[in-house]
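Here's a solo chain for you in structure tokens, the form predicted alone.
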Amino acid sequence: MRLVLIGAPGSGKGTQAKFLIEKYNIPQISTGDLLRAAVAAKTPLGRQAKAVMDAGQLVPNDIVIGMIRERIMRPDAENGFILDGYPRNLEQAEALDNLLTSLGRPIDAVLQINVDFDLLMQRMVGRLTCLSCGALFNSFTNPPAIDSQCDQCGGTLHHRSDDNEETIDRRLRVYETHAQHVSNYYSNKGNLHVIDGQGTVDDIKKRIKSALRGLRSSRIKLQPAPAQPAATPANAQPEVIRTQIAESLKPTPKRKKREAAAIKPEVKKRPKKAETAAKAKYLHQLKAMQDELKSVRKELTLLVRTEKKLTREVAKSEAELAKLTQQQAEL
């Protein structure tokens, strides 16, 4: 399955990409990650990109498309991929389509996640990321149980310096300038699916599942160029092909017997029942442990919040008691 995820910054593309990676067993491709990796590895395209970036300019589309081509030709992308946040404008969309058509791997679906800009601002200003495991939280909509500490691994939560209202407003305006052209382009091609990005992560996941239900990956069979016959000299005589069956090649009873013995029937290996049962048991136990861990985490979160509430109430009671004590002393 070859998918493209488009949407404003903070619309939840990265979160939903993780779900799609597991569902289809395909890699997520981010052009930003590709650029950083190519520059670090000092590949030919990476060196070109670094020279452009050092000059303070945007990396040209042909370099980005070249990196995408190299990435999708790797074995893990044979069954598809997820392009996250690319293309960003109409020129990139057309260049991407030309590349994939030439490779016989057209886009199966474009998922556009739409979220109200006021909600996007709230999501991004309050966004917190765990430096250890990468888990995402939000100080407004999904706060951690303990301030600045990851609920999952206990790591430190980080707030990006560019997640401020002024920077975010500028990024959203740039996105809005080009987004409608890209949306119209894929809508005209008939592979655009607009997803309501408001609600819980599971709500959005269900909408994506519904949009992709019954969709199968397509592939264009490229026809090889026909071979050109060799030029024939004008005075050349037509070739005469003579065939003759040698006596030694005629089948004999002994030869037939040897050939029959050499043919071995194909034996299909069947999975061992014990291994299959053991695997099923292991997966069942693993799921039970995951469910139990999830339940314990919820209980722990509830206990921590209850503890905070009780601490505040005790502090309030102590303050009132101190006030009463002081009033009695004055009397």
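A residue's number is simply how far along the shown sequence it sits, counting from 1. These numbers were taken from a predicted model, which means no experiment stands behind them. We call the rigid core whatever largest set of C-alpha positions still superposes within 1.5 Å between the two forms.
Separately, the form predicted in complex with a small molecule exists; it is not shown, and the next lines address it.
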*Do all of A135, G199 and R297 end up near the small molecule in the predicted bound form, with near meaning a heavy atom within 4.5 Å?*
no
*May I ask you to state whether T31 is within 4.5 Å of the small molecule in the predicted bound form, using heavy atom distances?*
yes
*Does at least one non-hydrogen atom of Q57 fall within 4.5 angstroms of the small molecule in the predicted bound form?*
yes
_Contact test in the predicted bound form: R36 vs the small molecule, heavy atoms, 4.5 Å_ = yes
*Contact flag, Y185 vs the small molecule in the predicted bound form, heavy atom cut 4.5 Å*: no
_Just to confirm the contact call: exactly one of 106-114, 188-196, 87-95, 205-213 touches the small molecule in the predicted bound form at a 4.5 Å heavy atom cutoff, so which is it?_
87-95
*asked:* Aligning on the core only, does the CA of P60 end up 2 angstroms or more away between the shown form and the other one?
replied: yes
_Rigid-core frame, C-alpha of L34, shift of 2 angstroms or more between the shown form and the other one_ = yes
_Since the Cα-Cα distance for L45 and L96 shifts by 3 angstroms or more in the predicted bound form, is it a contraction (closer) or an expansion (farther)?_
farther
*Considering a change of 3 Å or more, are the Cα atoms of A109 and L58 closer or farther in the predicted bound form than here?*
closer
